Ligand SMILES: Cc1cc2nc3c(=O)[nH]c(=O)nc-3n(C[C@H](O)[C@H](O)[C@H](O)COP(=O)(O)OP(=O)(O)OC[C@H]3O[C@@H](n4cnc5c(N)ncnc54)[C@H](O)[C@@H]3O)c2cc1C
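The chain below stands alone, shown as structure tokens; this is the form predicted on its own.
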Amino acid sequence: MDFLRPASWEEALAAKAAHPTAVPIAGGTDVMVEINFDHRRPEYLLDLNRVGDLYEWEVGEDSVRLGASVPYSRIMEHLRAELPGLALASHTVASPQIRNRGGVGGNLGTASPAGDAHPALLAAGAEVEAESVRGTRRIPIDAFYTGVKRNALAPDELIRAVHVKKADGPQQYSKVGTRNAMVIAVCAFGLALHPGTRTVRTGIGSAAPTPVRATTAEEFLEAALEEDGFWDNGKIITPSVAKRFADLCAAACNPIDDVRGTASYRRHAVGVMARRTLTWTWESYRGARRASKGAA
């Protein structure tokens, strides 16, 4: 195994172009596990730890450009207001040591359906900034996952950053695991309300071959909120609406039985998480609405 260690982003792109099979490594929280257990033996490892701009982020007027290697601990500390769903997901990532090393770029590159960041990125409507010596493109998160541990990157492309719109409404994240730390998700669920466009987005992890959205559930909830004037009147969502949303989220899953949980349990758990996160996010929305009226 050859070890490539570029000192700049330009050198990294040139190395990836010369060695398309090279496996990028930054935090190493996924790659090193596979290597240590001899599940993977790449010909080349491409170490990105000396590429400084991968560890930087920029908060714009409408969105955040998050470098691929920004550690989860930094997201939790500095971007909680702008990216609340991703910050909540970051809290559930392994241990403090891993959160200080791992970043969103690694989750995206590995594209495991159990990656903790995926549901939050789907719910927020993120875009992946991919680059090669041929140029740069932005891949919508909905088009990024192409199969089990497969993504839309070309062989010579690297993930440089993720663009995530700043939250314009409440976001939530929930994860089921056997314990709070050092655990792979049995299943996970992210939800984001977007009052500006009166839309809802979801993200489901570890309950299908790829991370997925529950688009039918989203469409149902958007119609229900609009039809009954919930966005304007701020009333409590009825139990029947919450239950139907939860059932549709569960139906969006295509899980398997494995050592972490059965397919039926995963469907049930996603439904429970969907109902609970809807309750939490809607209460936050109602609270913010009351506060803005009081201030006025």
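Counting begins at 1, following the sequence as shown. Note that the structure is a prediction, hence the values are computed from the model and not measured.
Although it is not shown, the form predicted in complex with the named molecule is what the next lines describe.
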property: Contact at Val186, Gly203 and Gly271 by the named molecule in the model of the complex, all three, heavy atom at most 4.5 Å; result: no
property: Partner-facing stretch of 211 to 219, 153 to 161, 188 to 196, 76 to 84, counted where any non-hydrogen atom is within 4.5 angstroms of the named molecule in the model of the complex; result: 153 to 161
property: is_contact(Gly27, the named molecule) in the model of the complex, heavy atom dist at most 4.5 Å; result: yes
property: Touches the named molecule in the model of the complex: Val241 (any heavy atom, 4.5 Å); result: no
property: 4.5 angstroms heavy atom contact with the named molecule in the model of the complex for Arg50; result: no
property: The named molecule contact at Ala15 in the model of the complex, heavy atom, 4.5 Å; result: no
property: Ala251, Ala263, Val33, Ile236 - the one with a heavy atom within 4.5 Å of the named molecule in the model of the complex; result: Val33
property: In the model of the complex, residues of 257 to 285 near the named molecule [heavy atom within 4.5 Å]; result: none
